[in-house]
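In structure tokens, one chain follows: the form predicted alone.
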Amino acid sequence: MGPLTVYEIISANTNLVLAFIIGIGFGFVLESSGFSSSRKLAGMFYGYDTTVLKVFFTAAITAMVGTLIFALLGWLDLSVIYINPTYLWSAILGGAVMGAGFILGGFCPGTAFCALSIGKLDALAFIGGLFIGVFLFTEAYPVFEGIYKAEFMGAPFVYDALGMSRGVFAAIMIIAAFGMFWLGEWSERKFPRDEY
């Protein structure tokens, strides 16, 4: 049955409209959950607020389980879903740069735009820096191209690398999520902060 556009159940334009509506809903949920506050987001790294961990882990687990159930019922063909290829070194370096930016600025790109939508000036500064970074990377791309494309791995799956089935991997991830939720609650009790 799905993906809907691949099997021409809906048109590409309808897909874009649906993506736009879902994007608005996603932004509404982010803002409603307090993700437009850089202090709340930075709290993840200082241990006094682990909402980011709980929300994103819940979203990942929900999407993973839903995808597996849809595939099991024959509603979703996993073999035609596009997966970003892995370039190992650029993924590691990019993750480190983004993590450092997240800690320093208190936003990731998505939450920065969420905060800007309600007029947060710190988000405006963060997004300005984001565009400067994109511009500089683009201009200096020939310098970075070698490491950017280093260690191409295709589209590997963690469960294949570990030699286990998707279902077993999903069960382990669900258990890990509950463990992280417990750790988050412990951290908030250990490093409380009344106002931020």
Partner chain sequence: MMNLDKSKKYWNPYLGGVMLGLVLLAAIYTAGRGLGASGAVKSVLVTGMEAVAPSHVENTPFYKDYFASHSGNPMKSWLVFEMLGLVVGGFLSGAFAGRLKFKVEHSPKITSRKRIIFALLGGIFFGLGSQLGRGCTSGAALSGMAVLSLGGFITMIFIFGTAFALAYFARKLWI
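In this text the structure is predicted, and so the values were computed from the model without any measurement. Positions refer to the first chain, counted from 1.
Keep in mind that the form predicted together with its partner chain is not shown, yet the notes after this line are about it.
- For residue 172, no non-hydrogen atom is located within 4.5 Å of its partner chain in the predicted bound form, even though that partner is not displayed.
- Residue 163 falls outside the set of residues with a heavy atom inside 4.5 Å of its partner chain in the predicted bound form.
- Although the partner is absent from this view, residue 88 contacts its partner chain in the predicted bound form, with a non-hydrogen atom inside 4.5 angstroms.
- With a 4.5 Å cutoff on heavy atoms, residue 176 does not count as touching its partner chain in the predicted bound form; it lies far away.
- In the predicted bound form, 147, 148, 149, 153, 156, 157, 158, 159, 161, 166, 169, 173 are the residues of 146-179 with at least one heavy atom within 4.5 Å of its partner chain, listed from first to last.
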